[in-house]
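Each of the two blocks below gives one form of the same protein chain as structure tokens; they are labelled structure 1 and structure 2.
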Structure 1
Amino acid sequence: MKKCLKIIVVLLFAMSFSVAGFAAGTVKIGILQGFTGPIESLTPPMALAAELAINEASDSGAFLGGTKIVSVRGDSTCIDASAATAAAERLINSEKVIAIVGASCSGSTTAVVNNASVPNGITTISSSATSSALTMIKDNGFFFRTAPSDARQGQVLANIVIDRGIKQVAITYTNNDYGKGLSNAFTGVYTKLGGKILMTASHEDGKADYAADVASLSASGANDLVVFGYLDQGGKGIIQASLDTGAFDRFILADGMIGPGLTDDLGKGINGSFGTMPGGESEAAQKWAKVGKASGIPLDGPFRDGSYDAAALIILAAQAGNSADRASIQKHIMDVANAPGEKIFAGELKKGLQILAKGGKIDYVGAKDIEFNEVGEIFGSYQEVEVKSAKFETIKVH
């Protein structure tokens, strides 16, 4: 017993000392994502994408006269606001990061922005917090996001559905602020345009079984099912169960559901399904696809491109102000993200850094066609995509 207590005590002390090494000529960027918790399966590739940008800039040797950049990960747990805040504070105060990419979910992001980012004056760029409530957050200009608000997507999607002549749908959404917000936004516009929603039901992610959900959705009499969920979570479970029982064969999808992961597993069954995902200018998306593929990051799935952009923006903003100072980064984010300037795409960070070093201007387009509005959000154009022979194909840009 003594021994075991001793071990615990020693470990406790080791923890209180755990100060990471701080080599000269190195700066750190915090990557705060929900590595454990309900979206734990989505976050590792997001972190990898952000680290891709970090490594690209660091290896280029062009950042602040050859300064190296390293990433420090922190777990926001997605749902536990206190743990997220504590992790953010660890990144900010003991790891001394220059800015943060994160947090993952809208709830933990709000907590981090209110309780850690704003008081400490640290730029925080989320690639996945899409709640429309975050538009109103009092962030003193420290919060940006590379994911457009749900309100906008719901509107775009509703218009597409009506344009396609679909007047009756059933909706299933994942039971969190993302799903519910999107569902509300969609419902509002769709009914105003004359559409009829026969049933709206939520589903819980990571649950044992979706047979009951699909059974009642199909009984509503709708032929098309709108799915606001995640493609490796309940959303896919619902589609899978619908296909298995023949309940629906056309699905209307939002960004969380769109990616090769869905088509690879479900194949031709969902041919004809369509949806929206952020991203417009196809040049940006194509360049990102090339960069992403070369790096070996699994590209199927949402928010990865945005994470790359978030990290890239921080790096470029630091370069623009010629200082890794926190306040300077915040000041320059808008400059590098928006026109005027030379367009910089994913994989071209070196070029961007060099231009900035010479005192030039850039307009970072990145993977997601970044252009911030006055509250630091991308307005976001959306691609209308459709599944044709088991692949998502872009139809047009809205």
Structure 2
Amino acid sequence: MKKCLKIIVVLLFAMSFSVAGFAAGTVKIGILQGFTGPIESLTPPMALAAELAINEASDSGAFLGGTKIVSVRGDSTCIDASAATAAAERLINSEKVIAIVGASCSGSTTAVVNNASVPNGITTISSSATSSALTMIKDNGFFFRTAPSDARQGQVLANIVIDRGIKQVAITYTNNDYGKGLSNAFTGVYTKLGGKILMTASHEDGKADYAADVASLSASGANDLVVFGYLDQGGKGIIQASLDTGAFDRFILADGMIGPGLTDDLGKGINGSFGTMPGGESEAAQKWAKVGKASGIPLDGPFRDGSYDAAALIILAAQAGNSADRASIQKHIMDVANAPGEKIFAGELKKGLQILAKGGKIDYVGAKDIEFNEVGEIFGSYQEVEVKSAKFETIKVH
């Protein structure tokens, strides 16, 4: 009888470690990003930023009594919901990750939350899925995001366009949740402010030629083209065709179009184009800039700060519950993200872990002034950026 009980105890112990994602004193965090697809030039720095937080906490020796943390990458593609779900399921069921940073794009994030995160009870924090539809997703409290909703980005960008004296535009958007939602948000605010939309048309990613799309948009009579797309796919194709035909030479852009992958390829041809991407100039942003620069993280594009924050929140939540159990992590995300508690900025994860280990409270400010509302979203600030001398430069923070 004693022998049987001993065997049962050993088996339960082994199972508990398997569920939590342990392997010889190590836990895994999934990094699920669109490493291929329409934002493939944006995601490598995002992954590096998340892994910076993971390495910082792991190397500190302060996480769960010296437990190490490693990252495991998965490709959500951004264009194939089935592939995104399969990648998430591999991370969850084969790699036994304790939580996931991602996915990248709104459509793939929706698929992952509905088909993998919620059914498996695993926390998923996206740093770049911005569709306003995600605010209402039935996530049972397992989905968070460190990027503000496009409902806010559309409002900010519309105000910027009006303030610049641009009263008529044409809009093209990528034909998915991100593009549609952003187009609707922008249009609603822009028209209320007195702006006029001369034409709105969707575009498909992956086409070889966008000349016909551009010809239709140009026929509207608009001088300025709003492009809600992706810098490595249709959005870039629309701009290239516009430059080739002379249809447009100034473009109004949102975060999916902001990055060196656009300016490096199109150069001075898009000088004067402008747009928005998440970011600010607060104390948190300034501290993140120092941490990111010192660690070699490129800071010339969006979502890197939020990727660091997503990984950091997962780690701190595990510490707050003194467990790498998936349910415990979900339970403690809000506790570490919001006041009250001692403020913890980027680069201060060891300090936060030590406070939590002693039973203290923290308020994780991080790189993006993290403070979640009741559905796990942040309000967020936006940088107004403009292309000057073939590079994006920050003009103002909103």
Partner chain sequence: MPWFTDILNAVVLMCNFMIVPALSYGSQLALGALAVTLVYSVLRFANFAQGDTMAFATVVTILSTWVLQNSGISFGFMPTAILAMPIAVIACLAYVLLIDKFVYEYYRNQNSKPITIVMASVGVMFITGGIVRFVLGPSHQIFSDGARFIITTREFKEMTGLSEGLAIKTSQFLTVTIAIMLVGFVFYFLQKTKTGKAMRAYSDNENLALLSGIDPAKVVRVTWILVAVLTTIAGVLYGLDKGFMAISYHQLLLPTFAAVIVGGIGSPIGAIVGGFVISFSELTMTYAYKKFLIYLLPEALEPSGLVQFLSTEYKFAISFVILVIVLLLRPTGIFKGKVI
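Here the structure is a predicted model, which is why all the values come from computation and not from measurement. By convention here, residues take numbers in order along the sequence of structure 1, the first being 1. What we label the rigid core is the largest C-alpha set whose atoms superpose within 1.5 Å from one form to the other.
Both panels show the same chain in isolation, but it is structure 2 that comes from the form predicted alone.
Taking 2 Å as the criterion, Asp75 does not count as shifted between structure 1 and structure 2: its C-alpha moves by less than this amount when the rigid core is aligned. Once both forms are overlaid on the rigid core, the distance between the two CA positions of Phe142 between structure 1 and structure 2 is under 2 angstroms. Annotation: Cα of Arg90 displaced by less than 2 Å between structure 1 and structure 2, core superposition. Overlaying the rigid core between structure 1 and structure 2 leaves the Cα of Gly181 displaced by 2.6 angstrom. Superposed on the core, the two forms differ at Ser389, whose C-alpha moves 10.4 Å between structure 1 and structure 2.
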